[in-house]
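Next up is one chain by itself, shown in structure tokens, the form predicted on its own.
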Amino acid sequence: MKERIRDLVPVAALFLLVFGIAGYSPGFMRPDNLLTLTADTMTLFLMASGVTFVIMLGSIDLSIQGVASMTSCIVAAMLPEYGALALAVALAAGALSGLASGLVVNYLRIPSFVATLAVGGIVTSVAYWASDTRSVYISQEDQDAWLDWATGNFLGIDNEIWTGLVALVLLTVLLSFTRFGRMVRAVGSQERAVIASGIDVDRVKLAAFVLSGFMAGLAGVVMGARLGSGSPTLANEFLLPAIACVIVGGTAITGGVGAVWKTFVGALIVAVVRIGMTFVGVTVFAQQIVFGLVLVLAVAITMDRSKVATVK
């Protein structure tokens, strides 16, 4: 019963926030506004969905904003000459970034926050190199030819929403109905017991980091497509909100507990909170303070302190 109540708390919070803003601005509940809100949320969700797997392991990935910026630069720079190959290279670069983080964590035994912070710095340098330290414009012709799956419209709904929903379904199936998903939960809950059973924990961790890098790369491609340009600083303000999505949705920072659909709810909560702060007149920079406070509160609520003997 406690677990069910805990699962429903983020959903209840989302509805309270939506109706609260609707009371302040009745037009907020119009279907077109809600669809726009959902479309705006999808890029953040894509970035947060992959890191959900890493956090469920009890680790963290701080490279995701750098990876997203890098892939936006790669696709913008390569698209005019290479077309669809630019998309493949960008997504592969995201996955390779996650692979690098996983290898450093697994084989050098460096804590994930240090390893991913270092990888984030490296990929940011790659982004500056790929973009020649400037924003790279994506022409409307290239957008229509190669990025319509992210910027177009189908059945009256933005393709960005369809992309996010497909990712939601596929990652939910991966986490809930596959051996890999069960191993992610098991490693996050009792890593020593999993090791004792003879399972290759390093392989599970490596796959989770690769998935996180791939999804961050996909988020960068979608972000670049939507904004019509790639930039080495494109996703600079997304790291804190992305981590907040995962934790606010109910995934425990200590690992073992979580779900992709919870991250989706968390992303909607973050988006609604951001809109609420915009209505009130809170600046973009001050919003980072609010997200920081929300993240601390969410960690305090969801953290399993029995897994942490000492806090360092």
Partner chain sequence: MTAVLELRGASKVFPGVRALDDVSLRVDRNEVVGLIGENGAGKSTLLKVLTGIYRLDGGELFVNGEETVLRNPRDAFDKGVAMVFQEQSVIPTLSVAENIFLGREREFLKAGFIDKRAMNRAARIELDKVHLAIDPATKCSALGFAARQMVEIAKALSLDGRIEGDTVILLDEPTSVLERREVELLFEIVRELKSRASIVFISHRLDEVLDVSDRIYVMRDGKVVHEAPTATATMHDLHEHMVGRQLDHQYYREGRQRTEPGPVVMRVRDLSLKGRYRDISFDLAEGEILGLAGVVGSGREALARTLAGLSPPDKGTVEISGRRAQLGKPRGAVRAGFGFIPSERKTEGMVAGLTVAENMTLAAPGQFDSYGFIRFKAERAEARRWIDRLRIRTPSTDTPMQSLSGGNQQKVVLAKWRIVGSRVAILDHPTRGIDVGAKEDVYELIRDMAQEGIAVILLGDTLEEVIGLSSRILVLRDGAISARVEAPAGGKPDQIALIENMV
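Numbering follows the first chain given and starts at 1. In this text, all values refer to a predicted model and were calculated from it rather than measured experimentally.
Keep in mind that the form predicted in complex with its partner chain is not shown, yet the notes after this line are about it.
You can rule out all but one of 128-136, 97-105, 68-76, 177-185: in the predicted bound form, only 177-185 has residues with a heavy atom within 4.5 Å of its partner chain. For the options I199, L165, I110, A88, the one in contact with its partner chain in the predicted bound form, meaning a heavy atom within 4.5 Å, is I199. Residue I195 is the only one of V169, I122, I195, V114 with a heavy atom lying within 4.5 Å of its partner chain in the predicted bound form. For S189, a non-hydrogen atom is located within 4.5 Å of its partner chain in the predicted bound form, even though that partner is not displayed. None of the heavy atoms of A118 is located within 4.5 Å of its partner chain in the predicted bound form. In the predicted bound form, its partner chain sits within 4.5 Å of a heavy atom of V173.
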